[in-house]
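Below, in structure tokens: the form predicted on its own, a single chain.
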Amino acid sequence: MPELQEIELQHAEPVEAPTQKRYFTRFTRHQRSLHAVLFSTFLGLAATGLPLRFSESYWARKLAAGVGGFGAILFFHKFCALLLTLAFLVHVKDVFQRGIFHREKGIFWGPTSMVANWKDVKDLFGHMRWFLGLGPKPRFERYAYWEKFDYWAVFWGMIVIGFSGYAMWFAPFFARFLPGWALNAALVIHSEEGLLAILFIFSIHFVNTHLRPDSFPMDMVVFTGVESEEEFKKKRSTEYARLAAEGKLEARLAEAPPSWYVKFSRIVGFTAIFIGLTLLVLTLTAYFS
């Protein structure tokens, strides 16, 4: 019997060990922290700005009564504005520090840049053809064209909405070198641009980021900072192929996110989406009433 068992072991087919699922870093902890400040303060600005914009609405008056009046709402609005401004300035500092002082390639131009290029134009029209069944699905780099559009929409909003908001906040200072009509225009610009930003983020951005078939019901990478190799290949196949060809793929290897952190991130994400959609409904209700 021992001899028979030895013969069977010698001729047995080798059993392949299960391959371990690999994860790759997409966002650093610093980038995720700035995004956390961004979306939390934006929710705060929306939740406080909308009652000020539609102060005659029933829900706005009830909210004001529950928190101590419209003066309290304005205080929290300004507080969120300060935090968001600080995060924006830190981001701008990081970009210029990496691009100018550290001479990091790809910050202002190239496949890893947030600046739109000719490939984004081709991807846009290629995506439209794919939607209509007239061509293959485009292969995307580190950032797709809609992600760049989202980025610059927020960047534009920070400048326009931010400047008009501070012009109203510190009106005596700005009145020293701005005419009176400019301060009146700042009120209109701040109100309408803020409303446009809320409608964009809570509809277009939510759909592009979380409700696409590739990410539904939620894209977790901005919370965990990592994505699986299968997800990497599927969503950003051109970037995956480029890093593999350059021999830089292994440098992006990361640990799998803890299950508790994934669950916690889902709770935070779904809560943010619920608040955003609720504010969107209240905005549309107040706007068309």
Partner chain sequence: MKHVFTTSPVLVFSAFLILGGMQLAGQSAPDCLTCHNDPALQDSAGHKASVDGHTFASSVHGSLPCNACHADIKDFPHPDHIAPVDCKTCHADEATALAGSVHSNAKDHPCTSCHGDAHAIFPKTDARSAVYPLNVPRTCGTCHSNDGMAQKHGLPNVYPAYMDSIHGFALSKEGLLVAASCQSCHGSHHILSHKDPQSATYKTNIPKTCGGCHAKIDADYEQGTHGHAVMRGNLKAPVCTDCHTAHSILQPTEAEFRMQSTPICGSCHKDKLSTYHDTFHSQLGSLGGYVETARCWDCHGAHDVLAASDPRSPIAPANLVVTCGRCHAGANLRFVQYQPHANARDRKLNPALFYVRLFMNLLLASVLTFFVIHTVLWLIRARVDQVHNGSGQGGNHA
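If you're wondering where the values come from, they're calculated on a predicted model, not measured in any experiment. Residue numbers count along the first chain shown, from 1.
One more form of this protein should be noted, the form predicted in complex with its partner chain, which is absent from this view; the next part is about it.
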Out of A185, L82, V121, V92, which one falls within 4.5 Å of its partner chain in the predicted complex, going by heavy atoms? A185
Partner-contacting position among V154, A87, M218, I107 - heavy atom within 4.5 Å of its partner chain in the predicted complex: M218
Its partner chain in the predicted complex: contacted by all of R142, E250 and A254, heavy atom 4.5 Å: no
Just to confirm, E231 within 4.5 Å of its partner chain in the predicted complex by heavy atoms? yes
Does Y166 reach its partner chain in the predicted complex if we count a contact as any heavy atom within 4.5 Å? no
Within a 4.5 Å heavy atom cut-off, is F96 in contact with its partner chain in the predicted complex? no
Using a 4.5 angstroms cut-off on non-hydrogen atoms, would R242 count as touching its partner chain in the predicted complex? no
Which residues in 145 to 171 have a heavy atom within 4.5 Å of its partner chain in the predicted complex? Y145, W146, F149, W156, A171
